[in-house]
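Single chain ahead, by itself, as structure tokens, in the form predicted alone.
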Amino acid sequence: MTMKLFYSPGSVSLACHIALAEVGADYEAVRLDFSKDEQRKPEYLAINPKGRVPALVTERGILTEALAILAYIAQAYPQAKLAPLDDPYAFAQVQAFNAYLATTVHVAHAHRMRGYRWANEEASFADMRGKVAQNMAECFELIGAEYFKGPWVMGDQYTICDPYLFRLAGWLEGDGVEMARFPWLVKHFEAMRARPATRRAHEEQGLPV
């Protein structure tokens, strides 16, 4: 079965797209135009009632949430070695890192343009936007100091942590944080850009690499 990945260009779904290309999966990338609210149309809500991306249609059903989809890809294609599947503790470390990206870093970024999720007043939105640069910088300072082993997130082995970190790092400049302040991240970002799977995913999404 050809899987279907529903994505919006530039969103976190890019991390899953890269991982699918990395493992050589048989997939079709299906674009949703958020400017036309396609994620809220009945056809897509039948696939993902959350009205968000990514969503991955597999032979066994539909998966949502980048964290879960990345773990699924790693386990469904063990030969690609995108996670230490034979070591429960090491795999938990991978999951812990990606959970931090999902629950803290991504949320910190979302406060820049989606304050309506947490408040109703425009003054509150402005206050949230004012904290985004500081919060994002602190997140990446913590990652660099405590969790990034290098050259890849988990050390010598490329894992599902790497496309996830790459995607969120790509939002830094728009959030008011210069990536250059994190030399380790610049090296990782450039190494990710050079990978064929990254280039393929960008091309399929119509994004510059």
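Since we're looking at a predicted model, the values are computed, not measured. The first residue of the shown sequence is 1; numbering continues from there.
A second form of this protein, the form predicted in complex with another copy of the chain, is not displayed here; the remarks below concern that form.
**Q** Determine whether any heavy atom of Met113 comes within 4.5 Å of a heavy atom of another copy of the chain in the model of the complex, and answer yes or no.
**A** So Met113 does not count as contacting another copy of the chain.
**Q** Even though another copy of the chain is not shown here, does Pro42 get within 4.5 Å of it in the model of the complex, heavy atoms only?
**A** No.
**Q** Applying a 4.5 Å heavy atom distance criterion, does Glu65 contact another copy of the chain in the model of the complex?
**A** Result yes; Glu65 sits at the interface with another copy of the chain in the model of the complex.
**Q** Please run the contact check for Val107 against another copy of the chain in the model of the complex: heavy atoms, 4.5 angstroms, yes or no?
**A** Val107: yes, in contact with another copy of the chain in the model of the complex.
**Q** Only one of these stretches, 175-183, 148-156, 26-34, 65-73, has heavy atoms within 4.5 Å of another copy of the chain in the model of the complex; which one is it?
**A** One stretch meets the cut-off, namely 65-73.
**Q** Does any residue in 41-71 get within 4.5 Å of another copy of the chain in the model of the complex, counting heavy atoms only, and if so which ones?
**A** The stretch 41-71, when checked against another copy of the chain in the model of the complex, contributes Asn48, Pro49, Lys50, Arg52, Thr58, Arg60, Gly61, Ile62, Leu63, Thr64, Glu65, Leu67, Ala68 at the 4.5 Å heavy-atom cut-off.
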